[in-house]
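Only one chain is given next, in structure tokens, and it is the form predicted alone.
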Amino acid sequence: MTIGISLLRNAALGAVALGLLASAAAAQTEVRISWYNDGNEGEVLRDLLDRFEAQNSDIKVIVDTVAYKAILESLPVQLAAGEGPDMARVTDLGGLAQHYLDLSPYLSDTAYWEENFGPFLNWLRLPEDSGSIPGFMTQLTVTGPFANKTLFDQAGVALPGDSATWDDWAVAANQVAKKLDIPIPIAMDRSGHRFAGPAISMGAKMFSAEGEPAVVDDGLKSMAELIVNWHNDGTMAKELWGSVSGTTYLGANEDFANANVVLYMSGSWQISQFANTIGDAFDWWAVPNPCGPAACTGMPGGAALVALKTTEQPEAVAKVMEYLSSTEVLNEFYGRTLFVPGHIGLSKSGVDFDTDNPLAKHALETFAGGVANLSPVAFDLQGYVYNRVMFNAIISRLGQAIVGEMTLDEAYGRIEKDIEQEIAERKRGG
């Protein structure tokens, strides 16, 4: 009889315990991050969030890893329909600003955010907004080229110097490719953002004196003509830009990693990936941005983790964001991912980058040093709320000129018309 009572009591206690566990699970707040990867940052993020969840058992953070193309093309459609995740990692910083949640009412220390992210917060704000805090930079990026230095050494061709022009690099890259039978002398990501730095170096001003888009000028035409000519004479491969159409992004990182490219125009976000995929198989050497008559500039930019108005859990989102944006956590994130810091304090104090790879260290130094050479036009373009419209128009029409669907003169006219129409529609709320 005593045994029966004991069993009943234990069963009852077990039921209570299960009920408490179920209640705790039901009380747990779930938030989602839409995230893409260039290298190992998703793995690092998950590790950091696991620690956060261990300290905050009431919040569960789900990371939905998607292709970068989905961030560029699918996420804006979701947000326009009033749907989407709680947070997202984005690169169209100002273009999606209308969808960002202002975290200010939920943060414990807004002064910390202004002090450490202030210069970049304007990239995330609408033109009339001077005070919201939508998120923080997961990385600051600078566009620029990587050379396969091993191929240059094998071909006996010297790397062009720091003040070399795009023409100088084209000559040198073609010499290397011809001597060693390398299929692609120069590759550039199929991206308006990637094209913009070289165009500004050639003299493109991008804006009128009144601050309105004025993309087609002699500087832009000079770079566009170079790109088209390079595709026609084999300096660049039509199989890359010509394999997709419209505004579709296409990177050449795999071709470079497979030693099929002599000079690759991309940017600092590739460092972590190349450290892992290439390692020391060959010397992937970051080089300064080639010069034009106006500048020797790349484009600043980066990726930001932003809170979105679609969230129904702003307090939980703010708690996650405060944790991830803290100096200690960001120092580890930047150090393990080999990202240029988008945090003023860490830029001054320095980040302890977790690499013994001299190529990665050299690349980080090269890109960080290139920040001082960035043109004011490049900063203005990166901060412009409709810059994605400009980038898309350029890459779409230039792509058509490359594959022979239209002449360059026709492309120039369509670029201007596309930008005018798209901005007008966006301003109408379309």
Partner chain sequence: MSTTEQTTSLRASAGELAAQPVWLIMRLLDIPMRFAQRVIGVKRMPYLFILPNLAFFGIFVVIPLFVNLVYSVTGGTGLFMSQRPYVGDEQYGHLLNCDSIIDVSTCREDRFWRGVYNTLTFVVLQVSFMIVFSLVTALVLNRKIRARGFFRSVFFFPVLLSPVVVALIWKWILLRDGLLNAFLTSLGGAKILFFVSPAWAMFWAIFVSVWAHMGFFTLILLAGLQAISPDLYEAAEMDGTSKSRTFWRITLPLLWPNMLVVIVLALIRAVQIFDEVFVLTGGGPGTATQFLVQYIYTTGFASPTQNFGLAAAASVLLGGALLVLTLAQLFVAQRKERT
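Numbering follows the first chain given and starts at 1. Keep in mind that this is a model prediction, so the values were computed, not measured.
Not pictured, yet referred to below: the form predicted together with the partner chain.
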Using a 4.5 Å heavy atom cut-off, which stretch among 239-247, 113-121, 194-202, 272-280 contacts the partner chain in the predicted bound form? 239-247
As a check of understanding, the residue in I184, L103, M206, V228 with any heavy atom within 4.5 Å of the partner chain in the predicted bound form should be identified as I184
Please identify the residue among V403, I62, V371, V66 with any heavy atom within 4.5 Å of the partner chain in the predicted bound form. V403
Should the three residues Q175, L180 and P288 be counted as contacting the partner chain in the predicted bound form, with contact defined as a heavy atom within 4.5 Å for each? no
If you check in the predicted bound form, is Q382 within 4.5 Å of the partner chain, heavy atoms only? no
Exercise: R388 in contact with the partner chain in the predicted bound form, heavy atom 4.5 Å: yes
Is there a heavy atom of D189 no more than 4.5 Å from a heavy atom of the partner chain in the predicted bound form? no
Taking the partner chain as it sits in the predicted bound form, is S34 in contact with it (heavy atom to heavy atom, 4.5 Å or less)? no
Enumerate the residues of 121-151 that have a non-hydrogen atom within 4.5 Å of the partner chain in the predicted bound form, in sequence order, or give none. none
